[in-house]
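First, one chain by itself: the form predicted on its own, in C-alpha cells.
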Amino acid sequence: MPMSSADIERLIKIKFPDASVQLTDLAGDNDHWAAHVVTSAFKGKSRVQQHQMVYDALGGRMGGVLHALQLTTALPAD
C-alpha cells in the first residue's frame, strides 16, 4: 500500500518539528513523491547528509512502503 502525503509529512515533522514540507505526487498514484524539506536542522550539513537525515526520519520506509522520493532540502531563509 502506498504512503500518503500526510504520513510522509508527519514522519518528517516528528524528527524536525520546525520543518516546512511541500509534497507533490509525481505520478498521481501516491507512490512517487517529490518532497521539498526546509529545516534549521540542516545547518552545517552537506546536501548528502541532509538527505540522509530525511531518509532516517522516514524510518526505513524508502524502497518499501515509499517507493520513490525525489528530494530537495534547504535551510530556512534568514
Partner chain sequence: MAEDPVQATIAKTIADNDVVLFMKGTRQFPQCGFSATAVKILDHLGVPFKDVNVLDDMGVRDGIKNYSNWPTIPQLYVKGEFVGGCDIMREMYQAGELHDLICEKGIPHAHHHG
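Computed from a prediction, not measured in an experiment: that's the story for all the values here. Positions refer to the first chain, counted from 1.
What comes next is about the form predicted together with its partner chain, which is not displayed.
K.L.:
Just one of 23, 19, 57, 69 has a heavy atom within 4.5 Å of its partner chain in the model of the complex. Which one?
P.N.:
Flagged contact: 69.
K.L.:
Indicate whether its partner chain has at least one heavy atom within 4.5 Å of a heavy atom of residue 62 in the model of the complex.
P.N.:
Result yes; residue 62 sits at the interface with its partner chain in the model of the complex.
K.L.:
Is the gap between residue 5 and its partner chain in the model of the complex 4.5 Å or less for some heavy atom pair?
P.N.:
Close contact is absent here: in the model of the complex, residue 5 is far from its partner chain, nothing within 4.5 Å, heavy atoms only.
K.L.:
Give a yes/no on whether residue 40 approaches its partner chain to within 4.5 Å in the model of the complex, heavy atoms considered.
P.N.:
So residue 40 does not count as contacting its partner chain.
K.L.:
Given that the partner is absent here, does residue 27 sit within 4.5 Å of its partner chain in the model of the complex, heavy atoms only?
P.N.:
Judged by the heavy-atom cut-off of 4.5 Å, residue 27 is well away from its partner chain in the model of the complex.
K.L.:
Judged by heavy atom distances of 4.5 Å or less, which residues of 34-64 approach its partner chain in the model of the complex?
P.N.:
Contacts from 34-64: 47, 48, 51, 52, 55, 62, 63.
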